[in-house]
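Take a look at this single chain in structure tokens; it is the form predicted alone.
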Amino acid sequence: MAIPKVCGIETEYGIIFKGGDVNPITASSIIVNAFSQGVHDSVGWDFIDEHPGSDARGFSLDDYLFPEFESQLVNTVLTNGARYYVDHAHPEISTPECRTALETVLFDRAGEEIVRRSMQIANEGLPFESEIVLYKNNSDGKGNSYGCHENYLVSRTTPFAQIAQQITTHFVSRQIFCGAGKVGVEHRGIAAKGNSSPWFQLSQRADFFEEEIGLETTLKRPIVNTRDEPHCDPVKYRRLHVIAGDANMSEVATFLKVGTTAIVLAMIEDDEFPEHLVISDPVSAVRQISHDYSLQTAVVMSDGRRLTALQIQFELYEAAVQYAARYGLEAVDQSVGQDVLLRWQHVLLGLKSDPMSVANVVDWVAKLRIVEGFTLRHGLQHDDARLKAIDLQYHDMRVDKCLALRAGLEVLCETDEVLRSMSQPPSSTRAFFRGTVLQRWPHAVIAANWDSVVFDIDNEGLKRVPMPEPLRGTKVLVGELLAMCQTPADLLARIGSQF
């Protein structure tokens, strides 16, 4: 049976410093420090378990790569179990581990509010007429792309080659409902063969993928990333690190992006993925599909058929329904999984009949409606620079400027839940333990990462608590233990006696 699909999202935010000559790394550091110092004592990231050069194909390039994360840059752990840091030239926030797609949406939204709060604090301390602005998008319009990465817990027993081949079909075609939309093409030379460069496309990231599979995340980006860095028991699990997706402003789009992918991965683990549903040339297909917002482009399948992305997604949906009837959806949570299936069907039917009917849930449709409306009102050509400005403003994290907040997008998360999740961890994973000890004893925790917390105990020195199981350390398992302990030393003594 498929294992529980623990999930998470890492979002790199675009950043602009207005009113001064400040480089993006410095500006990003100002942003992360603003929140960390304004909310709680900063707890540093423990890099001991970082091995970004480990490849799922059986080798490691750790000794040949520059460090993925520069340890001297700001890198902290938040009380909600998240990681907030400077990644290259961007502020990045990683959600805590989440048990369901809905929980992942909640903590992704909490990340947005953390970013907004960071901007507010940082800008209050800047000189007059200076401002840092963040954008939840994926490209800067100058040929550079930054990612919104997903993570899924999968079984080590499922061959990685099988996962890579089969999940690629979903990654290439799911952009029809989780693409964020984009005005224009940054690399004119990669327009779909035989077509002129489109003025609008489904995905912000599609143009930047150059290989089917590989270890890179910034150059020669692959559709399937091979990083083998599980951040948990490496004998039992692997973490599928997904870089082939857009940053979504729509909560429903994020829900479907994570929820459908989790179900498809469960199908793969249980050998229930339709083996014939493999795309012949995924790299070309991901661009061709993105470049045609009419959704009519058909791509060649390995069995010789030509299918549109919509037809591919309908076949995947039907297979998922049959899978749910046979195996259930406990791997993704039964209730949440059923909601994913219902919304998956709804969005596909809407896209088939009239894409504008799902403008309240699909980012690219919502953005297209805004852009086309502006074009008609002002009599513009599609190459007018103002359309790209509207594109960027859709992702603006300033509440008074963000067009996505005015687009009528459906909301899944209550405001009170989102605000609470800025500081409180999920109760369903080991993030509960991490976040709670940071709340209770911030001065005693000197470092943390996904699978351990390091305490500094008076007269005893440093003590590391390993957490190799993502579904241990939950509120059900350790909530009472944490509540009865008055000091970290007491906690460690009790842990030592019970385990």
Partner chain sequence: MPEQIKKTRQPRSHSETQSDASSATGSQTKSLAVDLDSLLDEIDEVLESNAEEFVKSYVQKGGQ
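Positions refer to the first chain, counted from 1. Fair warning: this is a prediction, and the values are worked out from it, not measured in the lab.
Keep in mind the form predicted together with its partner chain is missing from the figure; the text below concerns it.
Only one of His378, Arg306, Arg420, Lys220 lies close to its partner chain in the predicted bound form, with a heavy atom inside 4.5 Å, and it is His378. Proximity to its partner chain in the predicted bound form, taken as a non-hydrogen atom within 4.5 angstroms, holds for one residue of Leu392, Met301, Ala324, Ala164, which is Leu392.
At least one heavy atom of Ile370 is located within 4.5 Å of its partner chain in the predicted bound form. A residue is said to contact a partner when one of its heavy atoms sits within 4.5 Å of a partner heavy atom; Gly14 meets this definition for its partner chain in the predicted bound form. Contact annotation for Glu410: at least one heavy atom lies within 4.5 Å of its partner chain in the predicted bound form. Taking the partner from the other structure, its partner chain in the predicted bound form has no heavy atom within 4.5 Å of any heavy atom of Leu277. Of the stretches 167-175, 334-342, 258-266, 292-300, only 334-342 has residues with a heavy atom within 4.5 Å of its partner chain in the predicted bound form.
Along 139-156, residues Ser139, Asp140, Lys142, Asn144, Ser145, Tyr146, Gly147, His149 each place a heavy atom within 4.5 Å of its partner chain in the predicted bound form.
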